[in-house]
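Provided below as structure tokens are two forms of one protein chain, presented individually as structure 1 and structure 2.
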Structure 1
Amino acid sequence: MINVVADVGLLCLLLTVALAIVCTRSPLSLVLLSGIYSIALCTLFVILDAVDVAFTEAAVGAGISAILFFAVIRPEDEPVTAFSWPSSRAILLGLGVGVLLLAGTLDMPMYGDHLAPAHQHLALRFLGQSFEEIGIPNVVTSVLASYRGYDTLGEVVVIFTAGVAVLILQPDNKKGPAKPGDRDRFAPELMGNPVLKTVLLRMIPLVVLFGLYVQFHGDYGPGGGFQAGVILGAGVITYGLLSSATRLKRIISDKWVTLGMALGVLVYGLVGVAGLFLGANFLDYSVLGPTQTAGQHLGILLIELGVGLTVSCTMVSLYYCFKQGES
């Protein structure tokens, strides 16, 4: 009964926040409401025992996405006009798509149905044999990094491709030094409070430490390269927001960030190629160690490092692209 009340309460909260997002015209309020929506959604995922998904939603939705939006908000973006409802055509189109999505869910099995196809084959294999075959307590990491290694490699390539696309589409910044007013234009004083700035600066090392914990503890609990990458990226970008992108580039240059984006994908691919040279299949980590489980541990550790490197460097690269011209 408590779970039902919590589910209904969270769904009502999600609906209320979604309506507020549609009605708001303030960019800053929009970012804050989106973060609240992500936190409520990850809480719902935790109730549904999808802790790894909740971790990803919190790190991406309420973490790195909000920080990147804060980085590009400009003072002149504040609204000066009142809210106006969208056209009737747009409302009807949105309702039509929503009805189609709801109709599509009717063919899906009920939540927790033990007769669902996934519970008849895949779940039994993963839950019953993954620890024996992979040797990792966290079944989610076993599935994503080993059983579905090809799929995870594709996700990393997609992130890398998105970062490259942003680099290609960014405007040319070789027109001379930045003007004195560029910093005010591209970096509004969101962090102007000295108390807030001091607290956040003290928290950045803790954020980085937690990101490393998530990176190397993903075999035993919720976490992994994707979550660690966005946490580390958020910590680095926060320092840039509190100081300046130029000062951050003196510590981590954009060339090293771009190299890290490609290096993470390369590490992932080379781990798969190593299996081929040792007589196994691509991304078969079993031959990388003296025993099957030792090889799986080593292979998953290496590809998770590649994932974390690509994700974190891509996030920082996006921040650099957004903050071009800042003095």
Structure 2
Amino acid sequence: MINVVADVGLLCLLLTVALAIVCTRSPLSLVLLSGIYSIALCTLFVILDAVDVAFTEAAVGAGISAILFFAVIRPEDEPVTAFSWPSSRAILLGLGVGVLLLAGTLDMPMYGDHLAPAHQHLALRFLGQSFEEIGIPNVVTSVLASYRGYDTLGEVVVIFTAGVAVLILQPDNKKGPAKPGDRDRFAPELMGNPVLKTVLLRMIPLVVLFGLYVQFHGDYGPGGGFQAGVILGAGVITYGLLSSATRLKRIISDKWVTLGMALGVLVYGLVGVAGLFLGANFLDYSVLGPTQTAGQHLGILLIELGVGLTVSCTMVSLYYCFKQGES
């Protein structure tokens, strides 16, 4: 009963925020509303028992998208009229597509139906035998890292590609470490704000600690490489937001961040190649350790480290590039 009430309630919240987004035109309120949208979506994922997905959506929605969006929008984009109804042409086309889709949904299984075909085939084996074969309670992590580990390699490469893309798109691509002289023109005087300084400087170690907890807790509860990478990235970026990007660059220079991005992908790839050299197929961890489960444990631990490294370095690199583009 609680599940149904929560589900329906959150769906209504989601719809109202989506309608609000359709109508607003000012970029700042768009970004704020999309922040609320991602929070409501994350809560809905918790209701639908997708705990890992809620974790990722929360970390990404609250951690990264705000920073990226705020680095791009400017006050002069604020339109005169705050609200506007989309053009009738778009609405008609949208409704047309909607009606077509509605017909498609009539044969779909009901919400929560145990006999739905999706649960009969692959899921039975993953839920049934993943503990003997891989030995990890969190089935999502075992499927993510081992059964479909190659998808996750593709995913890490997607994040790496995004990092490379933003590096290429960086306007003036001087790559040297931040010279002490070049003071960040936009050094916000947050450091001057005693309240923020005292609270947040003590928060950063807490966030980093929580990030590491999530990194290694991925096997037993919700968590894993991606979520940990985003949290660690957010923790490091907090110092940048507090002081300035150039001061953060003196601690963690561009070069190391780019190196970390590339190394994470290589760590993941080399774990797979190690399987090749030991005579098994690519990304087969069973040969890495004495027994199958020991090998799987080691393999999953290593690739999660690779994922965490790439994702956190990419987040920091994104922050540098967007700050670089601004000043």
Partner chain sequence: MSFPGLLNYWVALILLVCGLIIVMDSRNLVKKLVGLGIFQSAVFLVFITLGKKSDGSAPILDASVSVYSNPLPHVLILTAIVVGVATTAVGLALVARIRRAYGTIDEDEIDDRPEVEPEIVP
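On a predicted model such as this, the values are computed, not experimentally measured, just so you know. Whichever C-alpha set is largest while still superposing within 1.5 Å between the two forms counts as the rigid core. For numbering, take structure 1's sequence and count from 1.
The form predicted in complex with the partner chain appears here as structure 2; structure 1 is the other form of the chain.
After superposing the rigid core, the Cα of L305 is displaced by less than 2 Å between the two structures.
In the core-superposed comparison between the two structures, the C-alpha atom of P27 has shifted by at least 2 angstroms. When the rigid core is held fixed, the Cα atom of V139 travels less than 2 angstroms between the two structures. Relative displacement of the L95 Cα between the two structures on rigid core alignment is 4.5 Å.
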